[in-house]
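Presented below, as structure tokens, is a lone chain in the form predicted on its own.
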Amino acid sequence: MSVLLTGGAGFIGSHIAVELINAGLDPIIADDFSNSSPDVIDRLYAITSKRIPCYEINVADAPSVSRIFEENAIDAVIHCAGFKAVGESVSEPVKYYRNNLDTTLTILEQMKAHGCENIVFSSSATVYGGSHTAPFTEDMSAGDCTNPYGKTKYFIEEILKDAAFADKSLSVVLLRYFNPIGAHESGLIGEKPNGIPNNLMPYITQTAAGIRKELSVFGNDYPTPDGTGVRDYIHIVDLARGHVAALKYAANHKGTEIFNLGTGKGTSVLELVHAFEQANGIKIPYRMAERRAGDIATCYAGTEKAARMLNWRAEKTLQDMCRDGWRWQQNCVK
């Protein structure tokens, strides 16, 4: 099976590429490298011993995407391409709506034009908004998003649902990610944000590496066991394997189905910091800061649906996430 992997050189996409190859599938990467690096392709070769075809394109550009379909027999699409910085989405909403929606519309149009019927979309737990009580389950309402980034994910979900309703041959799987962290155990690929990180783990590893003086913990007065925010952290490799399971499901399914990808367990910010210290023998200096607007106290996944229908569960531990994240950080600063 040939799989078009948009955003395949990014943090999430690169790990999906590895797991696709491990499963005997053939990824084809499309990426404009706006938030990734071309050297990821060489790193993927070092891990898999397979040279993955890569097209340097903007996925919103229809002629470029059409060329990929014309030059390859694409059986399915995993759509990860998109801007993802929450703060930037607040300051530049039009940029996010234009890019994230346009890439999806182009992919759908080219899939239809070339007879491709299976798509797995990289969505987010942010679509649940802040009004639910954890664990978040797939049957809960969505759309009460607190930022434009989350709204683009919700709008894309709705577009894909409508497309599958109108075209009964289409199979759509929406994967709502919780908080992917860690890195591949080889230390060759991981999260390397351009500029200010969007996620907690790069802040921790950069503090451990001395790039940052200290970690800022936003909020210590939440109604949680230690007062800091609780999230569902999932190892990036487990998340990537969830996409392989979703592809297998999509191949024998029509319509739209939604799955959470998480561990089903909440971990506070301070618990993650202490787990990192214990796993790596490094002290992380931190200070308490004010809450960030829009943050909720507790967010973790209900995972039974994915276990039941995809036969998938997260397997790696918090210690695995911390060790692998630190190994990657040490490699990427050399």
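Residue indices: 1-based, along the sequence shown. Bear in mind that the values here come from a model prediction, so they are computed numbers and not experimental data.
Below: the form predicted together with a small molecule, not depicted.
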Next item on the list: Using the partner position in the predicted bound form, report whether Asn199 sits within 4.5 Å of the small molecule, counting heavy atoms only.
Entry: yes
Next item on the list: Answer with yes or no whether Leu215 is in contact with the small molecule in the predicted bound form, where contact means some heavy atom within 4.5 Å.
Entry: yes
Note to self: I'd like to know whether Val86 contacts the small molecule in the predicted bound form, with contact meaning heavy atoms within 4.5 angstroms.
What the structure shows: yes
Next item on the list: Check whether Thr263 has any heavy atom within 4.5 Å of a heavy atom of the small molecule in the predicted bound form, and answer yes or no.
Entry: no
Next item on the list: Look at the stretches 71-79, 244-252, 224-232, 100-108 and give the one with heavy atoms within 4.5 Å of the small molecule in the predicted bound form.
Entry: 224-232
Next item on the list: Tell me whether Thr126, Tyr149 and Asn179, taken together, all sit within 4.5 Å of the small molecule in the predicted bound form, counting heavy atoms only.
Entry: yes
Check: Looking at His274, Arg67, Lys50, Arg292, which is the one with a non-hydrogen atom within 4.5 Å of the small molecule in the predicted bound form?
Finding: Arg292
Item checked: Contacting member of Leu44, Val59, Val269, Ile28, with respect to the small molecule in the predicted bound form [4.5 Å, heavy atom] -> Val269
